[in-house]
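Here you get one chain, nothing else, as C-alpha cells; it is the form predicted alone.
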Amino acid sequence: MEPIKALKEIKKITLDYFTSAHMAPHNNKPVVYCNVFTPVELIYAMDMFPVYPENHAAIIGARKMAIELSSAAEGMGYVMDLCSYARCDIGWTKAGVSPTWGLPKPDLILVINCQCGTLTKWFEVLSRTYNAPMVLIDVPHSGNGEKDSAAEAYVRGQLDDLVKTLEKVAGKSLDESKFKEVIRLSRQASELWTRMLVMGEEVPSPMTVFDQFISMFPIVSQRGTEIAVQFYGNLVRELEDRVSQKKPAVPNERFRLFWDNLPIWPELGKLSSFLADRGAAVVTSIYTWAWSQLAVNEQDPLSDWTRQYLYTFNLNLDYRIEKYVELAELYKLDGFLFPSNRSCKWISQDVLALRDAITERTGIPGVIFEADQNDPRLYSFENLEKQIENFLELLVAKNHKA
C-alpha cells in the first residue's frame, strides 16, 4: 500500500500552527477558543488567532494520552459518561501535560451549539478556568429542516453582535476587503476538500476515510488561509494522478464501506491496517462531508452561515437516511460501519433505527459496534475486530466475493 505523499505535510502544518498559537499573545494577536463550525473566517479577518479545544482533544486521543488526561478530569469530579473530548481537554488543565504544549490562554471563547450541546458546558468550564468572556451563538433546532424566518432573524442578529464583540476585543473595525479575501480562500479550501471526497467514488478508491481523517487539520483550523489552499491543492493533484494510474488506497479492493460517526482516534492506525489487510476500503463518511458545506459567498456571508447553522448541520434522522442512501449509490457501497460512540450520544442515539432503515431501502447491511472517539477504556478493540471480521464474512456470503 503506497502512502499518500502529500499527507506527510500534516505533521509540519500542525507543528507550525501550534507554535503560532503559543506565539500569538507575543505577536499582539488575541486568542479565540472556538468550536469547529464557528465562523473562523471572521477571526482570521480580524487578525485574531483561532484555537480549537476539540482539535486538541483529538490529538490527545491520537497520541494515546486520553486515559491519563481523562482520568485527571475524573479526579476533578467529571464522570466517565461525559464526552471524552471534554474530559481530555479539561484534564490537561489539571495534569499540565499535552502533546501540543497545552493551549495558550484565551482572550475570548466562542461556541455555537448547532453542533453539540456538550460543547456549551465544556466551554463554560474553560471560561471559568481562564476567567475569559464567552459568546454563545444559540441555534434553535429546526425540526426536520423546515424553514423558520423567526429563527433565521434570531441567529443572524447574534452573528451581527459577534462582529461587534470581535471588533471590541481586537480593538479595531473589521476590514471588509480582508474579510472577502479570507472568505475567498475559505471557499477554495472547501471546494478542494469536496473534490478530494468525491474521488472516493472511483473504483478502486485512491484514498480511504482514514486518510481523510489525517488530512482534516487544515480544513478545520485553517480555513481562510493560503496554507489550507496549498495543502489541499497538492493533495488533490496527487489523488488525481493516483486515479489516472488506478493506484488503490487498499490493494485488492474487495469491499467498499461507509464510516458513520467520529473517528476512533486511538485505534486509527490499527483499524486502517486491519481493514486494508482484508481488502476493505472505507471510502466515505458523513463526518468528513461536513466540511464540504462550509463555503459562503463574499456578498453576505452572515446570512449564509445563518442558513448553514439552522438547516445544514441539522442531522435529523430523515436527512441522514436520505443522505446515506444517496452515498450508497454514488460510492457503490457494500456495507456500513456504525460505531456506537459513547462520547457522541447525539449522533449515536438513533443508530439502530438508522441502520435498519438504510438496509430496508438499499439492501446493504451494516454492523453496529461499541466505540468511543478517544477513551479506550469504554470499548474492546478485540471485540470490535471480531464484529467487523464477522461482518466481512457476511458480505462475502451475500455478494459471493472470493
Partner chain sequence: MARTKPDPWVPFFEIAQDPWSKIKEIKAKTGKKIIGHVLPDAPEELIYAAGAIPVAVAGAGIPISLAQSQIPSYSCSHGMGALELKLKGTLDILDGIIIPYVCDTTRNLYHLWRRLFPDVPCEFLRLPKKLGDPGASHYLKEEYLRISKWLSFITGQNVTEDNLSSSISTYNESRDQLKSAYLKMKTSPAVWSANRVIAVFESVFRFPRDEHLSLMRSLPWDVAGTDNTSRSKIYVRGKVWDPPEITGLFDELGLTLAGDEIVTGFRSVEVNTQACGDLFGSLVDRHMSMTPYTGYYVDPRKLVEDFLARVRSSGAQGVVFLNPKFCEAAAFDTPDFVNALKKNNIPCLVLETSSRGTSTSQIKLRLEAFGEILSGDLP
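Numbering follows the first chain given and starts at 1. These numbers were taken from a predicted model, which means no experiment stands behind them.
Keep in mind that the form predicted in complex with the partner chain is missing from the display, and what follows is about it.
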When you measure heavy atoms, are G171, E176 and Q293 every one within 4.5 angstroms of the partner chain in the model of the complex?
no
V198 within 4.5 Å of the partner chain in the model of the complex, heavy atoms: no
inquiry  = in the model of the complex, does K29 come within 4.5 Å of the partner chain, counting heavy atoms only?
reply    = no
Report task. Consider D148 of the chain shown here, and say whether it contacts the partner chain in the model of the complex, taking contact as heavy atoms within 4.5 Å. Result -> yes
ask   = Would W289 show up as a contact with the partner chain in the model of the complex if we use heavy atoms at 4.5 Å?
value = no
In contact with the partner chain in the model of the complex (heavy atoms, 4.5 Å), from 295-303, 150-158, 247-255, 94-102, is stretch 150-158
Picking from G269, G233, P133, G279, the single residue whose non-hydrogen atoms come within 4.5 angstroms of the partner chain in the model of the complex is P133
The listed residue (S71, T194, Q308, S127) that reaches within 4.5 Å of the partner chain in the model of the complex by any heavy atom is S127
Contacts from 51-87 to the partner chain in the model of the complex (any heavy atom within 4.5 Å), listed N to C, are M76, G77, Y78, V79, D81, L82, C83, A86
